Structures are given as C-alpha cells and as structure tokens.
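Before any questions on binding or motion, here is one chain by itself as structure tokens, the form predicted on its own.
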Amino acid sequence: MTTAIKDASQDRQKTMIAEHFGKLSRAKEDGRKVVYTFVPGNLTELLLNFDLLPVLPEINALQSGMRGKTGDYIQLAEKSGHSEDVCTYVKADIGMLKSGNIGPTGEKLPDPDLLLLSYTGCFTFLKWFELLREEYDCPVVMLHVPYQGDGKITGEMRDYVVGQIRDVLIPELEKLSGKKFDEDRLREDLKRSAKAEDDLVWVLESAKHKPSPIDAYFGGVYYIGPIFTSFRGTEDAVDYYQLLRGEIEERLAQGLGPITPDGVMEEEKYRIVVEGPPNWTSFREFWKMFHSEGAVVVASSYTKVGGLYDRGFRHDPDDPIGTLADYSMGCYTNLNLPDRIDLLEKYITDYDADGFLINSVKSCNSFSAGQLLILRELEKRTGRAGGFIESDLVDPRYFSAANIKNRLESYFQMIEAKRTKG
C-alpha cells in the first residue's frame, strides 16, 4: 500500500488533533473538566470561556472508522441489543465505550463531566445522549434548537435559544467549572472564529475556478475539521486556515488541480456536486473511484453540517450570545427540504457542475430522508445528470466497492452522453 500524499496543512491538522486527544487523556490528572457535545450547532467558543475540553462523539466514530476499528465496535453494540437500523455513529460510540473507551488515537477518553446536547435537526442525537446518560453519572443540559420548518429563523426562535444559553447553559457551565462567564474573552474568541471562517469560505469557493484547486468533499472533510470541532475560536484555527489558504493560492497560481492521496490530479474531466456524508471505513478507496475518473467534487452539503458560512454567516463578536444562537439554528441539518434543494441547485449553477450525486447513507436519516425527491427535483430544475449511490458512515458491511464503482462508471457515462447531445 502506497503512502498517502499530504500537504503541510494536513500535517498541521494531524498535530492539532493529536495534541487535543493528549489533553483529553490527561484531563483528570490535570484537573480539567470535559464536556461531550455534537458537531452541528456546537458551542466551542463558550466551552473555551470556561476552559472546558470538548469531546465530539461523531468525530470519534468517523476517525475510528478511518482506522478500521468500527466494525468490531458496531457488532459489539448490536450484541448488546442495538438494532441494525440504528445510526452506526451511535453503535460505534457505544461499542468503543464498552471496549474501554479508547479513542481513535489509542488514548483513553475521559468520562464526561457534562453532556451538552445541542439538538440541531437530528433526532438521533436525543436518543444517543439518553444512552450516554445511562452510562455516565453526570448532568445533562439540552439546548433545544427550533427546526427551520418554514425555512427561516424568526425573532421568537432566536429569543428562545438566546434565553436558554443565557439563563440555563451559562449558569450550568459556571457551576461545573467554578469560573465566571467572561464576555470580553468570548468576544475575542468570536473574532478569531470569524477570521478563520473567512479563510474557510475563500478555500471552499476556490472550487469555482477551472480546474478546481480543491476537492470540496473528500478534501473538504479535512478542511472543515478544525472549525467544526474543538478549535474554533483559537489561534490554532486561525493559523491553520491561513496556512491552508496559502497552499490553495499557490495551487491556483500554478493552475493545479486537487491533491489526492495519490498525488496531484492531472486532469479535471467532471465537476460534481455531492449530497450526503462520505463513507469513512473505505474513505481512500471511495475517493480514488472519483479522482481516477477525473471527477472533482466542487461543492458538497456534508461540509456544511457544522455551519453554512458560505451563505454569509460569521460569528459576531458584537452580539456574542445572539450569534451563538444564530449559529446553532443555521446548520445544514436544520434546513428544511426546499431549502436544501435550493442550496444544492445554487451550488450546481455557481460552480458550473456537470451534475450532482447523492450518497445515500443507510443509517443517517438526517440526510437520507427525502434524497430521492432531491434527486428528481434537481434533475428537473437544472437539466444536469443526477446519480445515486448507497453506502454507510462507519459500518464496513454496507460498503460494496464493486457496486459503487459500477454505478459511478455508469454515472460518468451519463454525463458524457449529455455532453454529446449538447
């Protein structure tokens, strides 16, 4: 097996993640408190305000999947009574817990001192934390985030979330940490968040160029890592995104395509928009099915699960609690179906994509519900080729390489046929 090609920003991110897991492994001996929370709508800057360490169960699951560990974890969870239809992130997390709670880097994760449930568009999160509440003797705080059923955030919805953050969550974090809320510190962290968000959006929108210097799905999952997880609001995040932007600027200047695990992609044949999460257990093989055909993903919905920054949102240091509320309500999984279709249509148009592809993930209802309707509506609106493949998040039993490869080859042939007719 050849060694994957990596650029400096990937190495920087790997170091950041390793250092964070190192802090977690030493948390109890260092007297640090730990909060388990989720990616969509996470309040990292607020946790930083109290010097609390975040743990994100989805990140543990996907990183364990990339390391080939989740198959055993999932089977262990199923033997404990969890259904095959349950989200495989949940089962991977439960299986990891039952196996000693050893994190993806091989270091033991600390038990949580608080479970912070920021419910944003995924009902499974509620059930997931019910399961964790049974395992850990610690308090639970739920930040209830209204769903954008009508496609907009109203003043009443915003006031409701602001009230919860101010009157419920902050007092609980003060009690847990023994520290008082520092609004000035929060404002400074939010300034750093906005700066990193500016650079991330620039990087993602660089895919409008031809050839695209990035892959906004497979490469994009690395780009979003720091800002969607434990580093938003930190100098590490600012430095990472400045480094990443510099790399992309250099590739643009040289007219280069994306860097893949096998090196720089030589020719851009197809520009694709992708809906749905990737498969993590065969991530590199999955990516190769695209780049070996000259297919570049120029925009994706998955890279918006932790924030729709390319729609203009930035954390606002002048309204620190209000901006946290806006962020929590504005993630992709909190959009209704018409909004998701409109967003994907805009991506197809703005990035001049040849077509769009749906990766329907077996156990993720937050994404898979309504995807066939999305497919048909986008075909009707754009006239571009639509494709449909199926896999799973971290269950290796539901990744059929031969089946996916055949479907992708047929899909690219469909694009060629449309070009010929055109």
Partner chain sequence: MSIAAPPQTQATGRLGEIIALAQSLYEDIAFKAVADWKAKDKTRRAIGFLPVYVPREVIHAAGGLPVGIMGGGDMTEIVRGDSYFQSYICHLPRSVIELLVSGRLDSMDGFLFPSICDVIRNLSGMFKLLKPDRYVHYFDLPQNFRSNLGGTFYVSELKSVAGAVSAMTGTPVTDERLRESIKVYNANSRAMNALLELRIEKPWLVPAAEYYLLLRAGFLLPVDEHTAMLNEYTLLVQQSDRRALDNIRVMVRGAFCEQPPVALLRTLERAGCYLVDDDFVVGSRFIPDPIAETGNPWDALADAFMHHSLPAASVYDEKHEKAKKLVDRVREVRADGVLLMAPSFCDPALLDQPMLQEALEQAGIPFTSFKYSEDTGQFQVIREQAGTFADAIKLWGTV
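Predicted model, so just to flag it, every value in this text is computed and none were measured. Positions refer to the first chain, counted from 1.
Below: the form predicted in complex with the partner chain, not depicted.
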If you check in the model of the complex, is R192 within 4.5 Å of the partner chain, heavy atoms only?
no
Please tell me whether any heavy atom belonging to D184 falls inside 4.5 Å of a heavy atom of the partner chain, as the geometry stands in the model of the complex.
no
In the model of the complex, F283 touching the partner chain (heavy atom, 4.5 Å):
no
Any chance N365 has a heavy atom within 4.5 Å of the partner chain in the model of the complex?
yes
Any idea which of 34-42, 48-56, 62-70, 365-373 reaches within 4.5 Å of the partner chain in the model of the complex, heavy atoms considered?
365-373
Looking at E266, E134, E250, D352, which has any heavy atom no more than 4.5 Å from the partner chain in the model of the complex?
E134
Only one of Y119, Y270, Y302, Y309 comes within 4.5 Å of the partner chain in the model of the complex by heavy atoms, so just point that one out.
Y119
In the model of the complex, does every one of V86, E130 and M142 come within 4.5 Å of the partner chain, counting any heavy atom?
yes
Near the partner chain in the model of the complex, with a heavy atom at 4.5 Å or closer, the residues from 150-167 are D150, E156, M157, Y160, G163, Q164, D167
